[in-house]
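Next up is one chain by itself, shown in structure tokens, the form predicted on its own.
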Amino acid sequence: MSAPIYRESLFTDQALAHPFGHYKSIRDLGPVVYLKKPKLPVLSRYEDVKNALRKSDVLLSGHGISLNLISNLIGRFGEKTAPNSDGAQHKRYRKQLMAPLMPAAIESLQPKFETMIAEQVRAQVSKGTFDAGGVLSSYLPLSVVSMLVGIPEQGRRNIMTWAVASFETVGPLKKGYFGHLKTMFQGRRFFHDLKPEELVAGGWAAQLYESIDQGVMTLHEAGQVILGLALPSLDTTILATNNLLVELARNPQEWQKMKADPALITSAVNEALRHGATLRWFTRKAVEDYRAGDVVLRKGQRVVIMYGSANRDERHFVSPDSFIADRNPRDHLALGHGAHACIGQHLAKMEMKALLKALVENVERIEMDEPTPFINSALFGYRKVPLRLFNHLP
């Protein structure tokens, strides 16, 4: 059976800033839909996306995860990272990445995180308008890179630029692509050239280099794993937190739910991850025929897996476009699923919960001016979130 074609572009600034109407239109067309440009099949419904993410032995990431040929050739034949590797290599990378990020390993960090972010929140109460993205959402993620990963100062200064460029190269070829590619390679070169003596003693990166002496991985692979620790978790967590703040400001009734019952903090974080749908998509390549609904994707075909659309699928979530603090959608796909599920998800959730706890304890009312969209081919969210925090009701 042939699949329908979606003829509108998903990659204009307008579509990237407001993607959810496009996602619904694609979902309504069928389980498999072809984009007009790039001409690739997409999976956009919740069950189809979840099933595809489980099939990491059939739909591979090691051939590249991008929407353009150049990045996919780099992904296949260039340096491997955890997101674009498969099989034994992926398991080896993942094992090293997971060690410091498991819940038991990071549980002791929670009180410190809560103290740090509470100070930031209290400093902004009744002080007028400020950019919450720069002051609150980015504070703990960047602190983690500095304090815990332990990379040198040059890396800390440039890491956000490298992270944004890396995600931008996932999209289709367009003006500015090669500039982003150059910036991405500058970041990769930095991590490739890292030497153990340059790292902060006792940090996660320094501990990782001990695995070289144990024969677990090479010096080069250790640099790639550190890159996997430092880059992917930054802008994804920051944007997810920005999305959370935007929805709390837009939905004061949901904010008051949490004020009345702080036990809803975990639920609200899961709902923000689902509703914000920060990761738009990655692609995978089929190494054997793969069926989705009545459509068979042939061996060798590349498919777009639309995480952001799946999290707004009305076939799975009731009123998916509404932010509902007590929904607690623990089965959301914002952080992936299966073998390639986000390794740092426990840390990201801890950072978001620490901020939400600080807000609940120190803020009565949140006001917001119109936020500025973050225009990126792979990530959705807001670049600036102008907030005002008050410790009293109107």
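Every value quoted in this text rests on a predicted model; they were computed, and no experiment measured them. Don't overthink the numbering: it's just position in the shown sequence, from 1.
As for the form predicted together with a small molecule, it is not shown, yet the points below apply to it.
**Student:** Could you tell me if G344 has a non-hydrogen atom within 4.5 Å of the small molecule in the predicted bound form?
**Tutor:** Yes.
**Student:** Can any non-hydrogen atom of R94 be found within 4.5 angstroms of the small molecule in the predicted bound form?
**Tutor:** Judged by the heavy-atom cut-off of 4.5 Å, R94 is in contact with the small molecule in the predicted bound form.
**Student:** Is H275 close enough to touch the small molecule in the predicted bound form, meaning at least one heavy atom pair within 4.5 Å?
**Tutor:** No, H275 stays farther than 4.5 Å from the small molecule in the predicted bound form.
**Student:** Report yes if any heavy atom of A339 sits within 4.5 Å of a heavy atom of the small molecule in the predicted bound form; otherwise report no.
**Tutor:** Contact check for A339: yes, within 4.5 Å of the small molecule in the predicted bound form.
**Student:** Just to confirm the contact call: exactly one of 110-118, 123-131, 312-320, 86-94 touches the small molecule in the predicted bound form at a 4.5 Å heavy atom cutoff, so which is it?
**Tutor:** Careful reading of the contacts points to 86-94.
**Student:** Which one of L67, A348, V32, L59 is close to the small molecule in the predicted bound form, taking close to mean a heavy atom within 4.5 Å?
**Tutor:** In short, A348.
**Student:** To verify the annotation, which of these, L355, A334, A325, V42, has a non-hydrogen atom within 4.5 Å of the small molecule in the predicted bound form?
**Tutor:** Of L355, A334, A325, V42, the residue with a heavy atom within 4.5 Å of the small molecule in the predicted bound form is A334.
**Student:** With the partner left out here, if you bring back the small molecule in the predicted bound form, are L142, A165 and N242 all within 4.5 Å of it by some heavy atom?
**Tutor:** No, the candidate spot makes no contact with the small molecule.
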